[in-house]
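The chain below stands alone and is given as structure tokens, in the form predicted alone.
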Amino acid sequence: MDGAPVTRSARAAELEAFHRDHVLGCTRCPLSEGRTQVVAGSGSPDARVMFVGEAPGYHEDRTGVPFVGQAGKLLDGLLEGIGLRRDDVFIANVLKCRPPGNRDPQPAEIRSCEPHLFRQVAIIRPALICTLGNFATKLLSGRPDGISKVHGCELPMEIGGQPTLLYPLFHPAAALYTRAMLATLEEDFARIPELIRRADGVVSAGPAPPVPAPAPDAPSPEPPPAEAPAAAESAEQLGLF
């Protein structure tokens, strides 16, 4: 209503304080030495849906906002296709700092950064968590299965102390390299509205089996490209299939 006072939810205040006090100045791993800025995450602290990718790329490191490159534009389009906007969801990454040359996250970096992600989940309490690509899926599921095997298969879990429905998806970047992948992404995204309703039921039902301790992710079979702004989007794709 016009003229009504704008109130911030307690969840928003808690998330802002967590980012300010624990994430934005984090020096838990050596990635802090080469970053431009921390990419904590963005979107609604009251979101029912949370998207988790791999790590910031070149553009994200410059802007401090996740998914602002070509993969981010595709993600925006996929969200629009199911009636959602960025402001309706929360978007984060496994790593909050950009790895050099957009290489794959290393196990020690994931271990250092995962408490930040788990705390974000605990504060936001999303009913549905969509993991984008291998690293996010393996970390949050606690399972070794790759994204090609588990995409589009929902799994009730407890993450960050919260019951939720995990929904693995291909990283949007995959469709930038394999255009046939776009149809698969659109098909998997089309199920999200229904899954939000189902996930709300999972949350109401109480805790699900907890996530086991995450195992280190396997290295990408391809070497990352040379460091360069123009190659940033390309490097982001490695290891996502």
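Here the structure is a predicted model, which means the values were calculated and not measured. In case it trips you up, residue 1 is the first one in the sequence shown, and so on.
This protein has a second form, the form predicted together with uracil, left out of what is shown; the following refers to that one.
Only one of the listed residues (131, 93, 120, 164) places a non-hydrogen atom within 4.5 angstroms of uracil in the predicted complex, and that residue is 93. Taking the partner from elsewhere, residue 41 is found to have every heavy atom lying beyond 4.5 Å of uracil in the predicted complex. By the criterion of a heavy atom within 4.5 Å, residue 199 is excluded from the residues contacting uracil in the predicted complex.
Taking non-hydrogen atoms only, residue 55 approaches uracil to within 4.5 angstroms in the predicted complex.
The stretch that touches uracil in the predicted complex, counting heavy atoms within 4.5 Å, is 58 to 66, out of 184 to 192, 58 to 66, 42 to 50, 23 to 31. Looking at 153 to 178, the one residue that comes within 4.5 Å of uracil in the predicted complex, counting any heavy atom, is 171.
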